[in-house]
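Shown below, as structure tokens, is a lone chain in the form predicted alone; questions about how it binds or moves come after it.
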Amino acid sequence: MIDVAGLEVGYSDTLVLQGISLKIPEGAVGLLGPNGSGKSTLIKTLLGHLKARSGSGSVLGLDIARRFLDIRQRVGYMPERDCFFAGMNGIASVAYAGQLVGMSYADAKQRAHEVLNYVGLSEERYRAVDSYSAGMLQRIKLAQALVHDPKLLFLDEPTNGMDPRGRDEMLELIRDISSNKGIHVLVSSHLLPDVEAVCRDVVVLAGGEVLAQGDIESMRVSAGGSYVVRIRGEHEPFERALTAAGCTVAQGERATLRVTLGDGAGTDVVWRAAREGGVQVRHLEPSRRSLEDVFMEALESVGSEGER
């Protein structure tokens, strides 16, 4: 869906994207990072609003340096900041967005009615946009991004300023778009729960560098040989046997144990400890970290490299 190699982008003397390389697959993908990490700069570069100092990239197979107008016709963009004409109502704002990418006025207006209904603004379509609440503004930006039936959506902080109910409804819309409408979605956010709720894959950015990328479920599996274990029987003899075998044992959730194996050890250590401790293993699986754990470990790895 998106392919970037050695991309450097900056403003004046400040380099924002530090020669990043990444491949973003189809489906719903999260672009995750703290404020100032380069997420919005990357999106603007992919759309041709910013010119790269070096490197290359493509979106939907189209070169970002030469085919940016074609890219914009195929991509829907929901920016982080509001951008509306004062006094224009909802239907006119969305129809105008369609005309900007080449739709006729009649087609754009008909489609505007459809997408405003889809995002939940059918009753507010004739109200002036500058009278909308923060949550309504987020919805109309999504409608503008959808009006021309794009193949790919760039959503920059899509739940920004929304209350909990509105946030849940926006995330449900994004799930529906990516799962049922045949539209690929790139969700740029600093909110980890939002990304985890709607995305299958994630790219982690910080300081203009790619810290991690891949399938969220695979990244959540602990890389340190850590397992969640539930047993039937007395814990103490089992834990003593594990400790003697070089394992680290900690209490987990819901009466489970979190067992970290020693270097080079396999799960056979757990079964031997169960035999020695006279317990029955009822549950054994690799422990899974939250996306927050993955994100924080990525940030810490950069800090550790900087200290060396």
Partner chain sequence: MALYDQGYRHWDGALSGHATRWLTITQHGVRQALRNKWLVGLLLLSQLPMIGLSFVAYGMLQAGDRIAQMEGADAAAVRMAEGLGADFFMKLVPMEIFWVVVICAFAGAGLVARDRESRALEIYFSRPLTRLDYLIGKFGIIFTFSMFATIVPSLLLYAVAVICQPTMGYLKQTWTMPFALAAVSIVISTSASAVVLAFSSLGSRYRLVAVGWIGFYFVSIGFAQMLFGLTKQPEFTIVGFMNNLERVAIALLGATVRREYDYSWMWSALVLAVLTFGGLLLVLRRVRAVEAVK
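Positions refer to the first chain, counted from 1. Quantities reported herein were computed from a predicted structural model and do not represent experimental measurements.
What follows is about the form predicted in complex with the partner chain, which we do not show.
Only one of V101, A197, A212, I216 comes within 4.5 Å of the partner chain in the model of the complex through a heavy atom, and that residue is V101.
Residue in contact with the partner chain in the model of the complex (any heavy atom within 4.5 Å), chosen from G207, G120, P237, P150: P150. Remark: V249 does not count among the residues lining the partner chain in the model of the complex, judged by a heavy atom distance of 4.5 Å or less.
Within this chain, A244 is remote from the site of the partner chain in the model of the complex, having no heavy atom within 4.5 Å. At a distance threshold of 4.5 angstroms between non-hydrogen atoms, V187 is out of contact with the partner chain in the model of the complex.
For the chain shown alone, L60 is not a contact residue for the partner chain in the model of the complex, no non-hydrogen atom being within 4.5 angstroms. In the model of the complex, the partner chain lies within 4.5 angstroms of at least one heavy atom of each of the following residues of 107 to 123: D107, R111, E114, Y118, in sequence order.
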